[in-house]
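One chain comes next, on its own, written as C-alpha cells: the form predicted alone.
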C-alpha cells in the first residue's frame, strides 16, 4: 500500500478511497482573453480598414509603428495618431527553408522588416515578401503592402497578405 507524508502524518491510499481525506480533482477552465490596449487596438482597427497607423512622440519628434502610448526612448506619452503609407524599404530579411511548423520547403519564405514610409528611421513592421525572386531581395528594396480584400479583413496583421516590390 502506498503511503504519503504530509506534516509527519502518514496517509494511505485507503484514506483517500474511504473519504477520510478531503481532496478535490477538477479540470480547470483556463480560457483567457487578450486585451490589445489603446495603441494596438487602434492599429488593428486601421489594418481592418486597410490603413497603417502610428503614434507621434512630441519630445523626440518620432513616429512609432507599431504605435505605442509611451515612447520607449524618452518615456514621454505620445500625443497623436499618424496615418502612414503602405510602402517602405526593407531593412533586414531572411530566407527560410523551414516553415514555422517545422516543414521543410524548397522555395523559401522571405520574412522582412520593412521601414514604413512616414514613420521614423528604424521604425518598421515584420511581414512576408512575395512576388519576388529571392535572389533579387536586398536591403533598401522598396516594397508595398498587398492587402486582402476588405470583406476578408479581420483586424489583424494578416490583413496585409504580403509586401511586394515596387
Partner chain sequence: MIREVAIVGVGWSGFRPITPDLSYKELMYEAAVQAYEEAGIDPRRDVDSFVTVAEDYNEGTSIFDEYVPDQLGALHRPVQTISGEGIHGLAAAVMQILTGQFDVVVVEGHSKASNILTLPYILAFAFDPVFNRPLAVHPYYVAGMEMLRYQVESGTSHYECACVAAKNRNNALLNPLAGYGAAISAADVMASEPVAEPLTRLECAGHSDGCITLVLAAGETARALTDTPVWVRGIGWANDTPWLESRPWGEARYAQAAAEMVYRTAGIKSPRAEIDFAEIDDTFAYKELQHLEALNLCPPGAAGEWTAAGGTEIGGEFPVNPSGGALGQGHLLDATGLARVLEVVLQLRGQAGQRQIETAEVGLAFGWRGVPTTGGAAVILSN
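Residue numbers count along the first chain shown, from 1. What we label the rigid core is the largest C-alpha set whose atoms superpose within 1.5 Å from one form to the other. Quick caveat, the model's predicted, so the values are computed rather than measured.
Beyond the structure shown, there is the form predicted together with the partner chain, which is absent from this document and is the topic of what follows.
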property: Answer option from 39, 141, 113, 110, heavy atom within 4.5 Å of the partner chain in the model of the complex; result: 39
property: Contact flag, residue 72 vs the partner chain in the model of the complex, heavy atom cut 4.5 Å; result: yes
property: Residue 33: touches the partner chain in the model of the complex, heavy atom cutoff 4.5 angstroms; result: yes
property: Partner proximity in the model of the complex: residue 76 to the partner chain, non-hydrogen atom cutoff 4.5 Å; result: yes
property: 4.5 Å heavy atom contact, residue 29 to the partner chain in the model of the complex; result: yes
property: Proximity to the partner chain in the model of the complex (heavy atom, within 4.5 Å), stretch among 128-136, 99-107, 62-70, 114-122; result: 62-70
property: Residue 22 C-alpha relocation of at least 2 Å between this form and the one not shown, rigid core basis; result: yes
